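Before any questions on how it binds or moves, here is one chain, the form predicted alone, in structure tokens.
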Amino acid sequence: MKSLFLLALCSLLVLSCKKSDDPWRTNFDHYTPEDYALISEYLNLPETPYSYNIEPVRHLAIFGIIPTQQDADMVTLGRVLFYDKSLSSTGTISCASCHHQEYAFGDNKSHSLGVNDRASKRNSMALGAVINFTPYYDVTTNGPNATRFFWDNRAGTAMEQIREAMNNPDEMDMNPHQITASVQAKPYYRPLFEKAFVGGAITEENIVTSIRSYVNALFSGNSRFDQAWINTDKVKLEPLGLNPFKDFTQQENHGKSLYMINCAVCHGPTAANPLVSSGSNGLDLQPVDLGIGGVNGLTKDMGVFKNPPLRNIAQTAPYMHDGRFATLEEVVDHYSSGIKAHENLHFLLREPDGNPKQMHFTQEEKEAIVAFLHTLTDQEFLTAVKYADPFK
């Protein structure tokens, strides 16, 4: 009798606690038949949520890329919210309108269009440019060293970034009260919130938290680069840079070597965690967009922008903060001979005399670098159903 009492007490304690990101928690979260029938009227969701557990990958973990596990029900809710156009003032724009899965959760326009076809001020950053958000952006994992959001670093956390996109008049143009009211009016959200949050409260805080969980669950670590890296070096560091990968073509290996010599010093050897967080790459002598300096007012940051990760880069054209380059070939041309002597040009792009450090790539080298950049594409990530639009 005593053991039964203790078992019942423990069960009550588990059910009364706020849900945590426990990767083992699955079976007791199935929907009731009535709730699943309601959800299925509107959404293509599995009866049991997809698993979003991300097993640490050793060849990435040695570079500190260890994703934080996310709660499956919270991610499922966040996925629905991410694709829900009713979260915009016109009912026509969702988060996914500027972050398309097929473009590595970026956009194929130089400036994304928000409500009433209002153009955003900059090119949408691809969420799939990183392997996973949490090792790079998450303040819980990285503290004050976490990378900030937007091209100009104006948002310190994913929550701030999501709220700004929702409230921005050129994007979704909805205030927190309107967003909450819109979600509360949709019948399919009730069971989803009840699974994601104890009590099932539909609040602005819970809405933003869920979207953050979905974004944090995105994982793109199965590119040809990753596969060839594992197959070649058996998780030793030495061959990553200059030694060839056995599964790469001669051109791809040539491009990899050129990347490691010329590009990795800023963008990182994994092309996922840049070693330089921000800088001017000499796009303009007199930039109109002041970037980070336009936010903080510091002279040293005028014309300086975030240095983006490069995973899935072949899917995310056009390039740069203003989408000025339509192709990777144009990007490589810029670094080969087009770097301008901007006053805040990063020192790694300067010669000892202070002039821009043009790379002077040959045509063969340019083609090899582009071939290597294509190996950073994770095809599975671009088509994974668990990240896709769930609406019928």
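This is a predicted model, so every value here is computed, not measured. Residues carry their position along the shown sequence, with the first being 1.
If you look for the form predicted together with a small molecule, you will not find it shown, but the lines that follow are about it.
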When the small molecule is placed as it is in the model of the complex, which of 189-197, 263-271, 69-77, 224-232 ends up with heavy atoms within 4.5 Å of it?
263-271
The one residue among P135, G279, G293, P287 placing a heavy atom within 4.5 Å of the small molecule in the model of the complex is G279
Could you check which residue among L45, L349, I65, I54 gets a heavy atom within 4.5 Å of the small molecule in the model of the complex?
L349
Going by a heavy atom distance of 4.5 Å, is K85 a contact of the small molecule in the model of the complex?
no
Residue contact check: M302 to the small molecule in the model of the complex, 4.5 Å heavy atom
no
Taking the small molecule as it sits in the model of the complex, is A217 in contact with it (heavy atom to heavy atom, 4.5 Å or less)?
no
Closest heavy atom of A371 to the small molecule in the model of the complex, within 4.5 Å or not?
no
Counting heavy atoms only and using a 4.5 Å cut-off, do H30, M159 and I202 all touch the small molecule in the model of the complex?
no
